[in-house]
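Taking the form predicted alone, here's one chain by itself in structure tokens.
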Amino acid sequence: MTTQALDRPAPRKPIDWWRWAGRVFLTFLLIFTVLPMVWMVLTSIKSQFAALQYPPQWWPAEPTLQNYWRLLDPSNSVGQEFLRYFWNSFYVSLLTTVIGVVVAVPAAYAFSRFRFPGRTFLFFTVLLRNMFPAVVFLMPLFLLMRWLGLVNTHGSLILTYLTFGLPLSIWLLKGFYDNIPIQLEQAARIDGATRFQAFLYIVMPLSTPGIIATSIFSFIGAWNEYVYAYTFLSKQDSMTLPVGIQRFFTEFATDWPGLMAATFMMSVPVVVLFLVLQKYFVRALTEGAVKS
């Protein structure tokens, strides 16, 4: 090797403009998403006068946590109402998630493992509801719930959320079960296990990430739903958090700091749930997306 070859500078790698453009675009999306959240948090630590100040100030001159203490203090009316709405939302979302998973798991397993007449047609019929916007079913479901005597009860919301959440849950879990080798169940059957035992001890542990991902989708959908909760619930004691916040903080005059504090408190359980179960959620989406 000659001295000229050693002294020659290494060629520069060409700039990957597509990669940099993607990074800039993702950064813009991140800012676009985070900026309203930052403004919400900053408004929640302002006073009502500072929140209405023009021109608006990003950082308040005298930040305060009074709005949060008022929401979490059960000794005042605001805290009592907020905690009641919070419990109602948690109760409805939890029951919707539990019942939805209990129904979706065997249904998805049946679609994945069994072959029966009309299987494909029935599966796509289950998904047919997702082709229409939720507001289309608002009045028919309200009339049905009134006929059943479930208006102003949490049962009406649970049944409605199951109607919308089950198709997606079954579809997600079926894709996950399709990715689990059937040979594992056959080996368990050869060793003397029944089909139910093979499902319980072999399939269920392997499908835990898919069940967790389905539970997250069901819980978030029920927790954030507003239209049906606004239509079916008119009694203040039975309102869920989205409806209760809207009616309580904007009934006469909008309490912007209190509204932002309540909205931030409403988002905390969902964020914590997702952060705790994030690895299972990502694993379920990646494993259930590709069939082996």
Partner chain sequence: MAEVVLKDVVKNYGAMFAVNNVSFTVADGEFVALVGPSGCGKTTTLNLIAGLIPMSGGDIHIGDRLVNDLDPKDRDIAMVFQNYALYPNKTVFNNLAFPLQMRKLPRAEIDKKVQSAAKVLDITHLLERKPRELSGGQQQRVALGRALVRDPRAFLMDEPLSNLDAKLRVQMRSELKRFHQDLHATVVYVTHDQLEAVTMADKMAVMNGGFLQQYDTPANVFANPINTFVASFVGSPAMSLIPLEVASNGTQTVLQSSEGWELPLSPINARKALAASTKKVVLGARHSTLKLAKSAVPGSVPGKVYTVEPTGDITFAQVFISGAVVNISLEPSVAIRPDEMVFVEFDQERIHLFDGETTMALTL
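Numbering follows the first chain given and starts at 1. This is a predicted model, so every value here is computed, not measured.
There is another form of the same protein, the form predicted together with the partner chain; it is not shown, and what comes next is about it.
This chain is displayed without the partner chain, yet in the model of the complex the stretch 186-194 from 87-95, 147-155, 186-194, 73-81 comes within 4.5 Å of it by heavy atoms.
Taking non-hydrogen atoms only, Ile202 approaches the partner chain to within 4.5 angstroms in the model of the complex. Proximity of Ile99 to the partner chain in the model of the complex falls outside the 4.5 Å heavy atom cutoff.
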